[in-house]
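Form predicted alone, single chain, as structure tokens, below.
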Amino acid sequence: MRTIIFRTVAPNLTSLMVLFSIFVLLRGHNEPGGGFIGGLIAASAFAIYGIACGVSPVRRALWFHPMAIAGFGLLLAALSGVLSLFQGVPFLTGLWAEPHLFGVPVAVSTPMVFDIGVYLVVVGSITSIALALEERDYD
């Protein structure tokens, strides 16, 4: 289904969906949402873009191989749990800090780092599966 309308709308729709997925990711601990559902929304956006424009534009837009993105997300999620071990508390215990960036306090937490890791794992793995299915020849 590569109509001219779909190919024209798909890049804009993809941009909006990725932006919305980041919004869902960032509000995930206070309200419904988080890394998993945000990652599914972003992976759906890349799948729509792949259906409309082909696999190679999606691979160019991602910059990295989707499984490398998933691997980095897994590493990030694991490291967020290891940080708590250095503080003498159980694995995956939430830790919070408030460093000052240009004089403005910025709240940073290990649960948010874990959610970002989950987001990257879901985006990478689901996008990799979707791209593999889309580039498959059906001769």
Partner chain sequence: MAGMAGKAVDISGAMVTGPVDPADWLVIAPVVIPVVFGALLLMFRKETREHAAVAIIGLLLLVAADAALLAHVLARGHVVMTMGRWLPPFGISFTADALGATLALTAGVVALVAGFYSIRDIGNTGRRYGFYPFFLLMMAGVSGSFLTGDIFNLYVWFEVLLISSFGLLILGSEHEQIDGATKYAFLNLVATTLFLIATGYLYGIFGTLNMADIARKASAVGPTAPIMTLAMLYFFAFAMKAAAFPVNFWLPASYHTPRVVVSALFAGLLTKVGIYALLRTQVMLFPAQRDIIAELIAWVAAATMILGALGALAQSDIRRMMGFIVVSGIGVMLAGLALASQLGLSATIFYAVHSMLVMTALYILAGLMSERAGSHVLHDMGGLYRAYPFMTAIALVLFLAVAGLPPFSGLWPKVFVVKAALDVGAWWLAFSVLLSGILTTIALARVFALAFWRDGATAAVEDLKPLRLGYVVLVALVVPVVWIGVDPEPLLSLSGKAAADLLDPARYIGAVFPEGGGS
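Positions refer to the first chain, counted from 1. Just so it is clear, the model here is predicted, and its values are computed rather than measured. Rigid core here is just the name for the largest C-alpha set that superposes within 1.5 Å across the two forms.
Just so it is clear, the following notes concern the form predicted together with its partner chain, a form of the same protein that is not shown.
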property	result
4.5 Å heavy atom contact, G54 and its partner chain in the model of the complex	no
Any non-hydrogen atom of G81 within 4.5 angstroms of its partner chain in the model of the complex	yes
In the model of the complex, L75 touching its partner chain (heavy atom, 4.5 Å)	yes
Exercise: V89 in contact with its partner chain in the model of the complex, heavy atom 4.5 Å	yes
Its partner chain in the model of the complex - contacting residues of 90-108, heavy atom within 4.5 Å	P90, F91, L92, T93, W96, E98, A107
M67 C-alpha moves between this form and the one not shown by 2 Å or more, core aligned	no
Core-superposed C-alpha of V82 shifting 2 Å or more between this form and the one not shown	no
